[in-house]
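Presented as structure tokens, the chain that follows is alone, the form predicted alone.
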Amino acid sequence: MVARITFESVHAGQQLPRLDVPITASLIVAGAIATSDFSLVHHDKAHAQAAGTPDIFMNILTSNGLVQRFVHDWAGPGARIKGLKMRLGAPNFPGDAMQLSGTVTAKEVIGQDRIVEVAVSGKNRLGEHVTATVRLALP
């Protein structure tokens, strides 16, 4: 049985279970296509190399989706993402693995919403790929 995350069961400083995401060419291309990002640096290795990178690299919308998946998988189906701020750093290339980690940084009640804020970090072999702050309403 999966533990149910509720506003009452969460505390500031709580760590989310780490998620390891293998970065494959298929993930990068599929993410770009799914988000209608047809920039060749996300699809064509020769074009990406001509632009100065060693290979194709992940687009920001795929990184956004992975951050949301990470937090929502922890919080469960009763959670609703209310806001997300994120910043990219080192690119994700095929063959990398990104380790997503998170920490609950705040809790507050706003009207009917019981909000939890989570700081997320996604690192690969080059360093920090993504940093994000996710605000979600919990049951």
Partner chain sequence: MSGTEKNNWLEKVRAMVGREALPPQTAADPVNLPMIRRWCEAMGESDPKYLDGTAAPPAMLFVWTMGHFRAGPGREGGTLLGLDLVEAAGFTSVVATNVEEEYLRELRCGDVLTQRITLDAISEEKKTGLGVGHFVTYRYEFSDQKGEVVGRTLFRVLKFRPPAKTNETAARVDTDTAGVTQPLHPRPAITRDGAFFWEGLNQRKLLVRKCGSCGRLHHPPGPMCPDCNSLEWTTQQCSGRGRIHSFVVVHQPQIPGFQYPLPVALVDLEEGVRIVANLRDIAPGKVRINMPVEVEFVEVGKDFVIPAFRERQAG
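Predicted, not measured: the structure shown is a model, and the values here were computed from it. Positions refer to the first chain, counted from 1.
Below, we turn to the form predicted in complex with the partner chain, even though it does not appear here.
Student: Even though the partner chain is not shown here, does Thr103 get within 4.5 Å of it in the model of the complex, heavy atoms only?
Tutor: It does not: once the partner chain is placed as it appears in the model of the complex, Thr103 has no heavy atom within 4.5 Å of it.
Student: Could you confirm whether Arg125 comes within 4.5 Å of the partner chain in the model of the complex, counting heavy atoms only?
Tutor: Yes, Arg125 is a contact residue.
Student: Within 4.5 Å, heavy atoms only: does Gly52 come near the partner chain in the model of the complex?
Tutor: Although the partner chain is absent here, Gly52 would touch it in the model of the complex, with heavy atoms inside 4.5 Å.
Student: Classify Leu66 as contacting or not contacting the partner chain in the model of the complex by the rule of any non-hydrogen atom within 4.5 angstroms, answering yes or no.
Tutor: Yes, Leu66 lies within 4.5 Å of the partner chain in the model of the complex.
Student: Counting only non-hydrogen atoms and a 4.5 Å cut-off, give the residues of 5-26 close to the partner chain in the model of the complex.
Tutor: Going through 5-26 in order - heavy atoms within 4.5 Å of the partner chain in the model of the complex - there are no hits.
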